[in-house]
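First, one chain by itself: the form predicted on its own, in structure tokens.
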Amino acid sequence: MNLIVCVKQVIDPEAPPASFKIDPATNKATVQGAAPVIDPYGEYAVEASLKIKEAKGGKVTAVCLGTALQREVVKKPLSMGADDLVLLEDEAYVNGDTWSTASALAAAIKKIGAYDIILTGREASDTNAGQVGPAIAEILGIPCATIVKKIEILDGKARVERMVADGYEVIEIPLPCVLTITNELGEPRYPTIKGIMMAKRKEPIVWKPADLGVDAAKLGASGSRAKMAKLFQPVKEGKCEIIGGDTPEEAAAKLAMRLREAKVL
């Protein structure tokens, strides 16, 4: 099995809101005091690919797109057990929308060559759009199943369980295909000391737009079909009113009256 898993370096989603700062002029967010991480849903995709490899054999290639990619971060798929790491690292890839990002990833997947399953996280923690996986499938002309929690390979097909509003459904999808993975898959494995040491020694493959045979003008911000109008942090305000009384009973009666006035009761 030839497995390709797409991961993303993101601002740590566990970082406190106070560490974020948004520049309204550029519609960009910066963070202070929090190191970047591999997107958590991307880690579930890596785990899914490794489970398939363990069951059916084959090779796992991780692909990551961005700029200023920190090697100790983006090498995590290698330390978990992936075989190769391809980095699409160039300014031309910056600030792309779903379509231009998926176009670059699809071009890289074509350059990698043979593939049976392409895996992504169900969504990235920085945008929560959940669109790149299906867009890759559309560009490559292959089927896609989203929000997948379990995968079984049978006779050239993937039988998957995918989450729905009131449970899950079981479907079969022919290979090659794209699968977006959800956290219901189970916790990703921890890298072993051996895996970490091997990842340190292994150098990633870095591809620029020219290596993909893609016009840089069709990637990143210049190739985007959607433009961000505004990025902002919502303002949340709350009011607290203390209801007192000489006795608990009196306070309770006043509270009930106040709730009726507010039409809560």
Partner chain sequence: MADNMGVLVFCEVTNGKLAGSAAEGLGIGKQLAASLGQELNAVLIGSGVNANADMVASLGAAKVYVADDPILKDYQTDPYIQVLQKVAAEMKPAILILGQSSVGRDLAPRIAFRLGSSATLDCIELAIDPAGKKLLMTKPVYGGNARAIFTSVTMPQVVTIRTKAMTPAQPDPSKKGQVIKVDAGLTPDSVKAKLVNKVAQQAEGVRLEDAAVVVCGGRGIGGAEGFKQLDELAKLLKGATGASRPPCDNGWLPQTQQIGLTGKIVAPELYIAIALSGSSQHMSGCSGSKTIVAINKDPEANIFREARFGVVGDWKKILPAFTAKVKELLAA
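For the two forms, the rigid core is made up of the largest set of C-alpha atoms that agree within 1.5 Å on superposition. Positions refer to the first chain, counted from 1. Since the model is a prediction, treat every value here as computed from it, not as a measurement.
The form predicted together with its partner chain exists for this protein as well; it is not shown, and the discussion that follows is about that form.
With the partner omitted from this view, the residue of Glu91, Glu138, Glu72, Asp83 that lies near its partner chain in the model of the complex is Glu138 [heavy atom within 4.5 Å]. The candidate stretches are 53-61, 224-232, 209-217, 195-203, and the one lying within 4.5 Å of its partner chain in the model of the complex by heavy atoms is 224-232.
Taking the partner from elsewhere, Lys76 is found to have every heavy atom lying beyond 4.5 Å of its partner chain in the model of the complex. Remark: Pro134 counts among the residues lining its partner chain in the model of the complex, judged by a heavy atom distance of 4.5 Å or less. In the model of the complex, its partner chain lies farther than 4.5 Å from every heavy atom of Ala114. In the model of the complex, its partner chain sits within 4.5 Å of a heavy atom belonging to Asn128. If you take 140-179 and check each residue for a heavy atom within 4.5 Å of its partner chain in the model of the complex, you get Ile142, Pro143, Cys144, Thr146, Ile147, Lys149, Arg159, Arg162, Met163, Val164, Ala165, Asp166, Gly167, Tyr168, Glu169, Val170, Ile171, Glu172, Ile173, Pro174, in sequence order. With the core held fixed between this form and the one not shown, Asp12 has its Cα displaced by under 2 Å.
Superposition of the core reveals a Cα shift of 2 Å or more for Thr30 between this form and the one not shown. Comparing the forms between this form and the one not shown, the C-alpha position of Gly238 differs by 2 angstroms or more, with the core used for superposition.
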